[in-house]
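Here's a solo chain for you in structure tokens, the form predicted alone.
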């Protein structure tokens, strides 16, 4: 499994998304479609971006009762995305149901990964607001172990936890890591972050990069810089 850079296309409309993607005349970057764009444009945006030749990570973070998640994943499996996700906090039973729903009749399915803790969540917030008394590292590793137990492919975690997750779940267990910023860039609203180069060292398989690319003066060059630092 090769490493890859996934661009977070967190735009509010198809028009803005395609204006951004049209800048890429040589590459076909792996893109993430999140809630904002999916809720604005619906499944058609997924089909159109796929038709253009991009791999897609559909980032909707499902979290509901097992039966609802199973049925929802069954619908999403028809969109031919390459990766999708849910919240590990939904329990092992929910994750198993999701996997069942996502698997097509011919046995194929997108990669399915689970969110451990959002990169905007600090240990203090987790303990004070969510009443989770374990450390954030222990919580993330436990959630990752539950994800592996359920049969999923990997987790979304911050780059700072990718090494711990690999140690607990094995090197084949995928780590998809947002919270990546260039060393000379703005950190935004995320608190557990690192650089593409450091994420590579730690053991991330995929980095998800949004604003450092989408809001760059030259998004194509920013993307290429990410690839140089993380993949090459």
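Computed from a prediction, not measured in an experiment: that's the story for all the values here. Numbering follows the first chain given and starts at 1.
There is also a form predicted together with a small molecule; it is not shown, and the following applies to it.
- The shortest heavy atom separation between residue 8 and the small molecule in the predicted complex is within 4.5 Å.
- Remark: residue 224 does not count among the residues lining the small molecule in the predicted complex, judged by a heavy atom distance of 4.5 Å or less.
- Within this chain, residue 29 is remote from the site of the small molecule in the predicted complex, having no heavy atom within 4.5 Å.
- Shown alone here, residue 196 lies farther than 4.5 Å from the small molecule in the predicted complex, counting heavy atoms only.
- Residue in contact with the small molecule in the predicted complex (any heavy atom within 4.5 Å), chosen from 63, 50, 200, 181: 181.
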